[in-house]
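First comes one chain, alone, set out as structure tokens in the form predicted on its own.
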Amino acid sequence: MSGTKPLVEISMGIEAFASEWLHCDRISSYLARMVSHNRTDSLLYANLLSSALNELLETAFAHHGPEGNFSCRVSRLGDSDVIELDLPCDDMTLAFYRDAAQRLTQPDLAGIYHSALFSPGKPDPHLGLLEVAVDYRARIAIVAEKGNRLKLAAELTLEGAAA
């Protein structure tokens, strides 16, 4: 995103990332603590950012291409933090994220999220993205890139006037 100030980035092979579910929690906790030090309530900010980031990482954990590198970058844009996930994708992964992008543009996003959250049966595969968009008021962009890559970016304002 234009005008962002990079804060921290982690990169690893998708095979290593996807080898352990706990990577989502550990990476989100670490990155959130790293970028929250100068916020008004750094502990609260780190907890909120970690929760949102964990949902995004869990989505990437469950839906990614079979090989290549994975990266997660956190940047600052004014009062907002921007999380960018760059991951390998194949046709099935691309279809999942295209469906998610279409759902995230619907006018009653809160209603869609609540229906997905309280629906009986198998959990909605887009639930984590819907949660980040609704509960954290994140602006989420999903863009397919050349070379079987996908970029998912979420801009969150967790404190200040917009929070």
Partner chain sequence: MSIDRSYQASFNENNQEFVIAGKLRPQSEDEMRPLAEALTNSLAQVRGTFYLNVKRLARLNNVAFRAITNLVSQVCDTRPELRIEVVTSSVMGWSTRKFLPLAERLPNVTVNEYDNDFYPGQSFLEEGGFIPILRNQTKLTWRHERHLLPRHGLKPGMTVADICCGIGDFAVLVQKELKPSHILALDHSRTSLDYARKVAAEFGIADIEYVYGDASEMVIEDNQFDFVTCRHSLQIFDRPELILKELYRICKPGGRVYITNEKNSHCLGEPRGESIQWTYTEVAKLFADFKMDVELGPKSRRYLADAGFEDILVDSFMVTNGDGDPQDFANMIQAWENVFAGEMARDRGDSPEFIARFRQGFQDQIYAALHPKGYAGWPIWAASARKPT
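Numbering follows the first chain given and starts at 1. As the structure is a computational prediction, the values presented were derived from the model and not from experiment.
The same protein has a further form, the form predicted together with its partner chain, not shown here; the description that follows concerns it.
**Q** Establish, in the predicted bound form, whether Ser28, Glu131 and Asp135 all lie within 4.5 Å of its partner chain, using non-hydrogen atoms for the distance.
**A** Yes, the whole candidate spot contacts its partner chain.
**Q** May I ask you to state whether Asp41 is within 4.5 Å of its partner chain in the predicted bound form, using heavy atom distances?
**A** Output for Asp41 is yes: heavy atoms within 4.5 Å of its partner chain.
**Q** Is the gap between Leu117 and its partner chain in the predicted bound form 4.5 Å or less for some heavy atom pair?
**A** Because a heavy atom of Leu117 falls inside 4.5 Å of its partner chain in the predicted bound form, the answer is yes.
**Q** Indicate whether its partner chain has at least one heavy atom within 4.5 Å of a heavy atom of Glu15 in the predicted bound form.
**A** Residue-level check for Glu15: no, no contact with its partner chain.
**Q** With the cut-off set at 4.5 Å between non-hydrogen atoms, does Leu127 touch its partner chain in the predicted bound form?
**A** Heavy-atom contact with its partner chain at 4.5 Å: present for Leu127.
**Q** Would you mind checking 14 to 33 for residues with a heavy atom within 4.5 Å of its partner chain in the predicted bound form?
**A** Result: Glu20, Trp21, Leu22, Asp25, Ser28, Ser29, Arg33.
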